[in-house]
Every structure is written in structure tokens, then in C-alpha cells.
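One chain follows as C-alpha cells, the form predicted on its own.
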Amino acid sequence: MIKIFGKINKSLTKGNWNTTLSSKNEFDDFMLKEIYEQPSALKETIESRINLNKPCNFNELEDIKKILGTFDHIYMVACGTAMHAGIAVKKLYEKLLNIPVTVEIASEFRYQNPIINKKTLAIFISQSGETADTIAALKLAKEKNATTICISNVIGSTITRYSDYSLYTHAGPEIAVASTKAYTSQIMLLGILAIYFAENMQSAPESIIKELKEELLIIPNKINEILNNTQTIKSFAKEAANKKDVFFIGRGIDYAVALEGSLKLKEISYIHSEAYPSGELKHGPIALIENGTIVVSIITDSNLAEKSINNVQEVITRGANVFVITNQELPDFDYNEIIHIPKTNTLISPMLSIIPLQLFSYYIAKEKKLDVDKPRNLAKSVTVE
């Protein structure tokens, strides 16, 4: 039997794709191109959102203003790199909003019977907007009456159709499997969103908000400074390319960057790597340090710098080769290499400290003659559980 259905009207959405965005241009690989596109991508994310003399602009969230004061918990839910973006902004949200924030792995979220109700704000982060685990977690949050916001780079993606509110990073197409510019754009957009909430809730001093806005606006220029000085990163990458293990350490917000740096290295170089909070070294991981072990240390928080330096000393005395990324003045030790990055507010420093780690992973993979854009066993968008 033939069934006849009525006419279905579908709305069309026009994307901003062009041939320039989808070609390598003068770069050897899409990943390297996308690393170098981060200053321009972040400018797109910032565009029209930040005004030093007015509140941040989120016309899409006009309806949420009246209920901002009712939220008593924020969940950030995502997978992989997007989840690391959530970890990177957790302290910023708690500092500005004085609301507890829990960052959850999407694949675990719905099996933990999370405590969610109408006083919960749930933010879901996905570059593609098609991540199966994140979409499933979003549906659960909606069933439990949470207010949901999604952060995506793809207009009209599945996650944007299920969320109460959709925000776009506008980072442009990201073709390499290992995410770079999408990650920093997610942090940027989430950072601006935190400021927007704080302005409307009047939950943070105006001086702090003004400083953060000023710093966010010049982050693209500071990334350019790092990208214009890569020789030290290249040289240490050559030394690390033949190693089997690399450890990334950091305290506080630097641990969030260590997680992402470790993931990048795993994804494209196939070198075993682990990230640890620096203070946890003596609780087990330091047993793995021996002569020649590579340890990458991120030190950007002045309040924790002294303790971080002590942790670096501990691994140096056990024979580690240490690569330090910092914006602090450090005493002389036997660092193998040290990368100085521009200073910024600690709460948004991950957008700067991750850049050397992206390049570090890239140059190691190139040294090993691997396919940087298409690492084995991985897909750009994970659409199955």
C-alpha cells in the first residue's frame, strides 16, 4: 500500500563556508593552518560580543536574564577537548558567579543519575554539534527540567536543535581531527558568557569584569606573539620525538591545560602521555620518572608558582628532561627548554598556554612522519556511543 504524505516545509540555513577556509593555502597541513588561524578565529568569536562600556551582548539569551538568579548549580558537559574547555573555565565561572560548577564527561553523565532540576543550568559543548554522548546527556537534562545552553561551531547541528539556547563560536571549519582553534574559541565564548552572566547578576566587582574584558580583547595579539617565536618548541620536539612517555603537569588552571596538551600528543604522535596535577606527583606518578623522561610543566598562576617550581625540582632531581611553559619569573634550574608566553589574567590563561603545546605535538608528529590531519582510529565527529 502506498502512503501519501503532505508537503513538508523545511527552512534553509546558509553557512559561511568558502574555498579559502577549506584549503591548506601555504601550510603543509590543516592542523598547522588551524593553529595559526586562532587569532583570527578568536576575533570572530569576540566580534560584537564584548563592549568595554556596555554589558556583553548575547541577544540569543535575552529570555534567560530573568531566571539567572535562580540557578544554584551549573553543569558543563562534553567529551574530549570540549570537556577540557569546560575544565579550563570552571574557576572563572565560580569566581564571577559564586555558583558551584561541575564538569562532567558526557559519556558518563547520564549513567550517574545526576542531580538536576529547574534550578540547574546545563551547558553542553561540542565542536561538531553531533557528538552522540553529548546529545544524549542534553536530552536527559531537558527531561529533568534543567535550562540548557549549547556551545557549537556548526550552525543547525543536532545539539543546537535540542538546546533551549544555542551559541556559536564562529571559529570557521576545522578539518584536522585534532581540535585546536575550536578549543580556544570555546574557552573564549564561555569566558564572555561568564562575564555576561556576572554583569546581569551583578555578582562580581566591575573592576574585575573590566579587566577581563580588556584582556580577552587582546588575547589574539598575544597568541600571534607566541606563533611568531616557535624555534625553541621545534628543537625540543625533536628531542622528544623518540620518547615513549611524556608527562604533563600543572597546578590549578594549569592542570586543565596539561590535560589538553597530553590529549593532543596522544592523538597525533601516538606517544603515551599522562597529565597530573603537580601536587599529585609524590602520591604515585613520580615513581615513573627516570633519566631522560620528558616532563612538560605549565606555570602561569603566580599564587601557585612557588609550589609548581618545587614540583619541577622534584622531577629534575630524578633525571627528567623538563620543558616549561610560563609567564612567571622563574629561578635558574636545569630546565631543558623554557617558553615564555605573554602575561594575562590567570583565569583566561589557557588560551595562551595551550598554543606551545599544540605546536609541540604537531612538530613531534611531523618529526615521526605521521599523518597529522588524520590520526589512526580517530574521527572528527563521534556520532556513536
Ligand code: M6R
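All residue numbers refer to positions in the sequence shown, first residue = 1. Bear in mind that the values here come from a model prediction, so they are computed numbers and not experimental data.
FYI, the form predicted together with the ligand isn't displayed, but the following is about it.
The single contact residue among Ser179, Ser278, Thr169, Thr184, judged by any heavy atom lying within 4.5 Å of the ligand in the model of the complex, is Ser179.
Exactly one listed residue, out of Leu121, Val246, Cys79, Leu189, brings a non-hydrogen atom to within 4.5 Å of the ligand in the model of the complex: Cys79. If you check the ligand in the model of the complex, you find a heavy atom from every one of Ser128, Thr131 and Leu263 within 4.5 Å. Heavy atoms within 4.5 Å of the ligand in the model of the complex map, among the stretches 214-222, 289-297, 80-88, 235-243, onto 80-88 alone.
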